[in-house]
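Just the one chain here, the form predicted alone, laid out as structure tokens.
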Amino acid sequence: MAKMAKHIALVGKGGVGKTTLTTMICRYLEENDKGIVLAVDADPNANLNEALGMEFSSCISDVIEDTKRPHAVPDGMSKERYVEYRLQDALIEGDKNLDMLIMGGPQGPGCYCYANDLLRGYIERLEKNYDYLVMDSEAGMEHISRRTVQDVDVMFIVSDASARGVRTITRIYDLVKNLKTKVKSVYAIVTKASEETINDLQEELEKTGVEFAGFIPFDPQVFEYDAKGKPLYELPEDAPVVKASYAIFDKIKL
């Protein structure tokens, strides 16, 4: 039977800390020798590579947009074959057990539509080389809803520490339940929070119907690293974000 990677997806509004958590997941899996990881940045405002400390030269949307140029496809090669060939260039290979793909944002009408089947097929073949596929997505979950990634084993819905943000968990969860994609486990995580704010939000969290995995405290080191352009992957092991994230991942047996 062909090997299938375990799919982990993070969704939520912009600015709630999805990229930070995605980075922590990748680091956690590596440090605990869980296997080889493929990180996928599916947020149009892509910056996961910076958080992971990885450089890239092209993203998926660049490749697909480039194929629209006149005479882009070499003579004797089908457009489908050429797209798949170019998609290989978008794979960022890391030094450790971590590689990465950046989807990028739509650059024109139908940027993903005509190539969606090709992209899905490419990722299906590619992920056979990995134990985990970790996707940093957006609230709209475009790539999940289009089944670019087939099914999800663990989904984290991420919110900031506000009642309005927690209510967004419910709206996203409603989207999840209406997806054709199968999602096995769904957890809520609240970021930039404290025990006191979580107590205040307890009633709102219960209304979501989503299992609460835990909260991530405000960590000034995250802002310091971002300001200096330092990868969040390199945060010290005693940083509040690292300790809280790892405690959540241990609890749910990620």
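The first residue of the sequence shown is number 1, and the count goes up from there. Nothing here was measured: the structure is a model prediction, and the numbers come from that model.
What comes next is about the form predicted in complex with a small molecule, which is not displayed.
Trainee: Do residue 241 and the small molecule come within 4.5 Å of each other in the predicted bound form, heavy atoms counted?
Mentor: Yes, residue 241 is a contact residue.
Trainee: Against the small molecule in the predicted bound form, would residue 25 count as a contact residue? Criterion: heavy atoms within 4.5 Å.
Mentor: Flag for residue 25 set to no.
Trainee: Is residue 16 close to the small molecule in the predicted bound form, meaning a heavy atom pair under 4.5 Å apart or at it?
Mentor: Yes, residue 16 is a contact residue.
Trainee: So in the predicted bound form, is the small molecule close enough to residue 216 to count as touching (4.5 Å, heavy atoms)?
Mentor: Yes.
Trainee: Would you mind picking out the stretch of 196 to 204, 58 to 66, 218 to 226, 26 to 34 that comes within 4.5 angstroms of the small molecule in the predicted bound form, counting non-hydrogen atoms?
Mentor: Flagged stretch: 218 to 226.
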